[in-house]
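One chain comes next, on its own, written as C-alpha cells: the form predicted alone.
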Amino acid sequence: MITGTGITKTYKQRGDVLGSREVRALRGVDFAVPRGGAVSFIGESGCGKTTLGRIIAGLETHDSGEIVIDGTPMTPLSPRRRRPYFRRIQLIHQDPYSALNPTRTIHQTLRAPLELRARQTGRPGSWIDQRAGELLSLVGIDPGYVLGRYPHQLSGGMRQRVVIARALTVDPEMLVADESVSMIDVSMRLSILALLKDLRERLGVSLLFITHDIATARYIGDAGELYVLYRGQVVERGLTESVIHEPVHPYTQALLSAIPVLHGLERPGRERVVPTEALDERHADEGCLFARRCPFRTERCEKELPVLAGCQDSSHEHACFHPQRRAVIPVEAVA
C-alpha cells in the first residue's frame, strides 16, 4: 500500500523586472492507493495532478509531507535506499513517442531493464529475450513484428503498449498512468484502457490514473476511489460512482456539467454548474481557492480555507462550506 500525507510542492516562476513569484502546485495532498486497487485523480490542466504522479513515482521531490510505501516512510531514507522502493512504482508517460529513445530498437529498450532484473533475481541471460517476448505478448503485440523495429516505425497505440511493457519489466507493484490515452487515436483509446484494467486484474498491480477525462476515470476506477484536484488541493474524494452521481463540491459539479451531451439520446442535468469567471492564478486567494469562480460563494468562502471533511448526506469527503448535491450529469432522454 502506498500513502501520502500533506504532500506540498511549490515552484519558483521567473517574472518580469518586479521579480519572480511562487506557484503552489500541491497544497497538503493526502492519498492512499491500496495494493491491487485503482485510484483516479481528475482536474483541469495545471491542477497539480501530473506533479503528484511524478512525486509518487520518485521522479520529483516534494517540499513537505510524507510518502509511505508498504509501511516504510521515504523521507528518512537516502536517495540510494529509496531507489528500490520507487522502482516498484512505474510511470506510463503521456506521450509514448517522447518516452522511447528513437535511436534504440524495441529489443534494446526492453533489454536494458531486463538485464538489471536478471541480475537482481539471479536468472540466466537466456531469460532476458524470453521475458521480452512474454511482456510484448502480454500487452497485445507480436514480438516478432516489433522487437527489431524503432519507435517511429510503430503506430501510436503500439508505442504506448511498448511503454507499458517496459514498465512491467521490473515487476512493479503499481503503475502511474499519466493521461496515457490522450495522445492516441480515439479508435485505440478503449483498447489501451482495457489493457490497463486487465493488467490490474491479472497481475494484481495497483493503478493510479491521472486524467482530465471523467469517462476514462470512471472506466478505469471501477470500484476504486476518485480524487478531484483544484489548484493543488483535493476538494472532493470518494468512491468513483458516488462522486460522479452525487457530487457536492461546486468545482466537481462544474467538471461534470462540462460532459458533452448526446443530443437525441440524453438531456443535460437540470442543475448544471458553470464557473462565474475563467481561472486566474495571479490572485492570492485567502479563502476557498474556488471562491472567485463559484456561483454559490459567501463572505465566509472568501475569508476562510475549507478542508476535507465528511458529508452527512454522502459517503465521500469534500472541502466546501456549503456542500449540496446537484443533478449535473446528463441523463437519458425521455422518448
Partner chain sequence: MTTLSHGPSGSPGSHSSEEGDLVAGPAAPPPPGVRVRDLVVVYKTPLGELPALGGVGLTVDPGTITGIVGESGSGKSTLALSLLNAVQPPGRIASGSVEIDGLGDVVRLDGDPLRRARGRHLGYVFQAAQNSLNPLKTIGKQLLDLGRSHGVADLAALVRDAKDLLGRMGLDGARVLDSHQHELSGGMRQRVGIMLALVLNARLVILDEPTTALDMITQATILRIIREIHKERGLTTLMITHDMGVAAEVTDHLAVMYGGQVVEHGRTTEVLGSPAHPYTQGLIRAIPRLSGDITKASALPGRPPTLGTLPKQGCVFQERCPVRMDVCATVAPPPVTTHGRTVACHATAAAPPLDGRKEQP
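Computed from a predicted structure; not experimentally measured. Positions refer to the first chain, counted from 1.
Quick note: we don't show the form predicted together with the partner chain, though the next part is all about it.
Though the partner chain is absent from this view, in the model of the complex it lies within 4.5 Å of a heavy atom of just one residue from Asp142, Asp171, Asp185, Glu201, which is Asp185.
This chain is displayed alone, yet in the model of the complex one of Thr75, Ser155, Gln108, Gln130 has a heavy atom within 4.5 Å of the partner chain; that residue is Ser155.
Residues with any non-hydrogen atom within 4.5 angstroms of the partner chain in the model of the complex fall in just one of 131 to 139, 108 to 116, 155 to 163, 88 to 96: 155 to 163. Thr276 belongs to the set of residues with a heavy atom inside 4.5 Å of the partner chain in the model of the complex. Mapping the unseen interface onto this chain, Arg292 falls outside it, with no heavy atom inside 4.5 Å of the partner chain in the model of the complex. Among residues of the shown chain, Ser242 is not one whose heavy atoms approach the partner chain to within 4.5 Å in the model of the complex. The partner chain in the model of the complex is approached by Thr216, whose closest heavy atom lies within 4.5 angstroms of it. With contact defined as any non-hydrogen atom lying within 4.5 angstroms of the partner chain in the model of the complex, the contacting residues in 181 to 198 are Asp185, Val186, Ser187, Met188, Arg189, Leu190, Ser191, Leu193, Lys197, given in sequence order.
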